[in-house]
Structure formats: structure tokens, C-alpha cells
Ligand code: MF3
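Below sits a lone chain in C-alpha cells, taken as the form predicted on its own.
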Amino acid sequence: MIRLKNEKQIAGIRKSCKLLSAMYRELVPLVKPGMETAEIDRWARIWIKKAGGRPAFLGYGPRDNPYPAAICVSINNEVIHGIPGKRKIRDGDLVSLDSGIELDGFVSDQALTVEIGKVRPDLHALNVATRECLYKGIAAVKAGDRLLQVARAVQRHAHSRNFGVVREWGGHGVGFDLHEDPQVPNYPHGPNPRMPNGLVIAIEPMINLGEGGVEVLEDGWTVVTSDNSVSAHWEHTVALYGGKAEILTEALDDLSGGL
């Protein structure tokens, strides 16, 4: 069931989203070669707590294997849900950061892929195209139109650049909880409801340099490409109200490196 939001509730979600984007603006410049991914998680936990929020990712998921961090750090062939640990970031890496904040009962969700130092031209092209896929999807959010036009816009642009689209994971409703209905796939399949005013969704293309196939590691969380190719991930929280789509999280394009 899609849980629509009123103007006051969207204002609360917007506040959470602005806080999350502010966190990224401080965090991303700190992400450097030689940094352990666990350091990113520690920093994010402290920042969110000081800002008066709660890490929406920490403890999320099944009771027997909840997500153990405040932020996902996915490097190169890791698509999403990379668990921070002792792995060190290297020059030339693509590092995807994905996090959410609960603030006064409202939840935000945003991701971006950061280019570390000098990356290969094909990796830069992948990152640019993935970000473009995100904005193509957002442009397709129109009141009364069907949800899967978002998926078509994402897939069409990725395939026009000869990149693979991850099919097993995609976007989702957000705002009251981290994951709500509807599912927002990155290729057209599944339910295709009309998009009403009050809809709040996270649109998040996950695009691979190779094919779109993925698998989950033994930790139960980290999703990697099946062919070991590099992946990129961008995400915004978007509200549809008054017939228009509003990006509630802020643009972070200038933080990625080279976009």
C-alpha cells in the first residue's frame, strides 16, 4: 500500500533530506586514498547524532542480521550495501556512499558515487551516465502518469551508453520508513500504478560497466557485480506534490569529482 504524504509531512521529510545532504557536503571531501571505510562510518554516526538525528540504516533489516553501520560504502565492483570495515580506499576507485537519517520521525535517503583521485575514463563515463540516469528518471515523475515510465527512462539512457542495469534492486517509497511501497525499478517490470500527489520515492539507478547481473556476498548484505565489473549508484528522495516533482535531497554533483 502506497502511503501518501501531506504538505506538512513532506516538509518534515524535506528537513531530514536537507540534513542528510549537509552531512555529505562535510563528509565527501574527507574521503581520501588510504582511508579505512570504517572511518567513514564512525564519522557519519557522530555527525548524525550531533545533528539530532538517528542513522536510519543502523540496525535496519532482519533481526538475525541487521545492517551494522550508519552508511553503506561500496567500492568498484560492490554495487550497494557495502559494509564499512578495514578495507582502504585507493586512488582510482569509484566509491558509492549511501545513507539515510531519521529526524523527528521522518526518513531521508540519498546516495552518490565519488571518484577518488584520477579514475579511468571508462569509469568516469559510467559515473556520469549513472547520474544522468537519475535525473532522467526524476524528469519522468509526473502526476497521473504511470510509475514504470521512470524505469523506462533510466533503462533507456543506460543502454544508450552501453551500460548494464541492475535488475534485482531499485528504488522505493520513503519518508515514514526507510523502505515503503511502491517499488521503483530501474527497468520496466512489475506493478505500474499511477503516480499521485503525495507520493514520496527514492529513485536510485545502479548501473554497471559490464552486464547487469549481481550476487550477494556471504555477509548477507554486500551486493557485487557477477562479472566483477565496476558499478555506480546515485539516488535522490523525490516528492510529487501540487502536480510537480521536487527533489528533497540536494544536488551533490560537484562533490563526485569531475562531474
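The structure presented is a predicted model; accordingly, all values stated were derived computationally and were not measured. For every residue, the number given is its place in the sequence shown, counted from 1.
One more form of this protein, predicted together with the ligand, exists but is not displayed; see below.
Novice: To verify the annotation, which of these, I75, V119, L178, L148, has a non-hydrogen atom within 4.5 Å of the ligand in the predicted complex?
Specialist: None of the others qualify; the residue that does is L178.
Novice: H81 near the ligand in the predicted complex, any heavy atom under 4.5 Å?
Specialist: Yes, H81 sits close enough to the ligand in the predicted complex that at least one of its heavy atoms falls within 4.5 Å.
Novice: Could you confirm whether R156 comes within 4.5 Å of the ligand in the predicted complex, counting heavy atoms only?
Specialist: The answer is no: R156 has no heavy atom within 4.5 Å of the ligand.
Novice: Quick one: does W221 come within 4.5 Å of the ligand in the predicted complex, counting heavy atoms only?
Specialist: It does: once the ligand is placed as it appears in the predicted complex, W221 has a heavy atom within 4.5 Å of it.
Novice: I'd like to check something about H172: if you look in the predicted complex, is any of its heavy atoms closer than or equal to 4.5 Å to a heavy atom of the ligand?
Specialist: Although the ligand is absent here, H172 would touch it in the predicted complex, with heavy atoms inside 4.5 Å.
Novice: Select, from the options 156-164, 178-186, 124-132, 84-92, the stretch whose residues sit within 4.5 angstroms of the ligand in the predicted complex by heavy atom distance.
Specialist: In the other structure, the partner sits against 178-186.
Novice: Within 4.5 Å of the ligand in the predicted complex, which residues of 96-122 have a heavy atom? Give them in sequence order, or say none.
Specialist: Going through 96-122 in order - heavy atoms within 4.5 Å of the ligand in the predicted complex - the hits are D98, D109.
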